[in-house]
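Here you get one chain, nothing else, as structure tokens; it is the form predicted alone.
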Amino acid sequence: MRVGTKQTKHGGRPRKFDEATALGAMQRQIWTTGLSGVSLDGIARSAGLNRPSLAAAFGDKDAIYAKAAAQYAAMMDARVSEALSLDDLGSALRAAFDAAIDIYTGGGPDGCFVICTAPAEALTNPICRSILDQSLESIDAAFLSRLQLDERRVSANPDELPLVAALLGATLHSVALRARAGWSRERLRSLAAGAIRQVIGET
């Protein structure tokens, strides 16, 4: 989507830029340095914008982070939801972890944008704390919905499914952190496979 910035007080032609591309560049900058590790000027430079254009289109640092996190979450949710839609529970869980691992390692040892940036800011920044909490709740809910479709396949009582879903979510977050630490895709998939075996009792 093309958007134009407002004219400055000095007049001249308004700058135009692709908002999604600019947001992607800013997301990459924050993903690399952390929110506290980059200034607003640094964020603007990463997107090829000046401060007035940045503020007019995206707001302050917290607003930029929230938009970047929302963009990432939408992409992540789409990929994981598609994987979890597979008919077989084991295949669905493996596909979900594989999709996440591809995202976490596709551009290098990135890990998850939210899990690898929000925790460091959560104690002092309510926006980051809220985004982190929403991310945790969202992935647990996605796993729970899928487990409930095949609860007889799960090696736990039906009333324990929320806990099982949370444990799968915790495994996914551990996978994200280990991807950030440089673990190979093979090691990450092995970790995920072990958790899945515990859930559905398959060897």
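Bear in mind that the values here come from a model prediction, so they are computed numbers and not experimental data. All residue numbers are counted from 1 along the displayed sequence.
Just so you know, the form predicted together with another copy of the chain exists too; it's not on screen, but the next bit is about it.
Any chance all of Gly34, Leu132 and Ala181 sit within 4.5 Å of another copy of the chain in the model of the complex, going by non-hydrogen atoms?
Answer is yes for this spot.
Quick one: of Leu167, Ala70, Ala63, Leu144, which gets a non-hydrogen atom within 4.5 angstroms of another copy of the chain in the model of the complex?
Among Leu167, Ala70, Ala63, Leu144, a heavy atom within 4.5 Å of another copy of the chain in the model of the complex occurs only for Leu167.
Counting any non-hydrogen atom inside 4.5 Å, which residue from Glu82, Asp110, Asp88, Asp98 sits next to another copy of the chain in the model of the complex?
For this set of options, the contacting one is Asp110.
Does another copy of the chain come within 4.5 Å of any heavy atom of Glu160 in the model of the complex?
Answer yes; at least one heavy atom of Glu160 falls within 4.5 Å of another copy of the chain in the model of the complex.
Should Leu191 be counted as a contact of another copy of the chain in the model of the complex, where contact means heavy atoms within 4.5 Å?
Output for Leu191 is yes: heavy atoms within 4.5 Å of another copy of the chain.
Give a yes/no on whether Ala74 approaches another copy of the chain to within 4.5 Å in the model of the complex, heavy atoms considered.
Flag for Ala74 set to no.
Consider Ile127 of the chain shown here, and say whether it contacts another copy of the chain in the model of the complex, taking contact as heavy atoms within 4.5 Å.
Although another copy of the chain is absent here, Ile127 would stay clear of it in the model of the complex, with no heavy atoms inside 4.5 Å.
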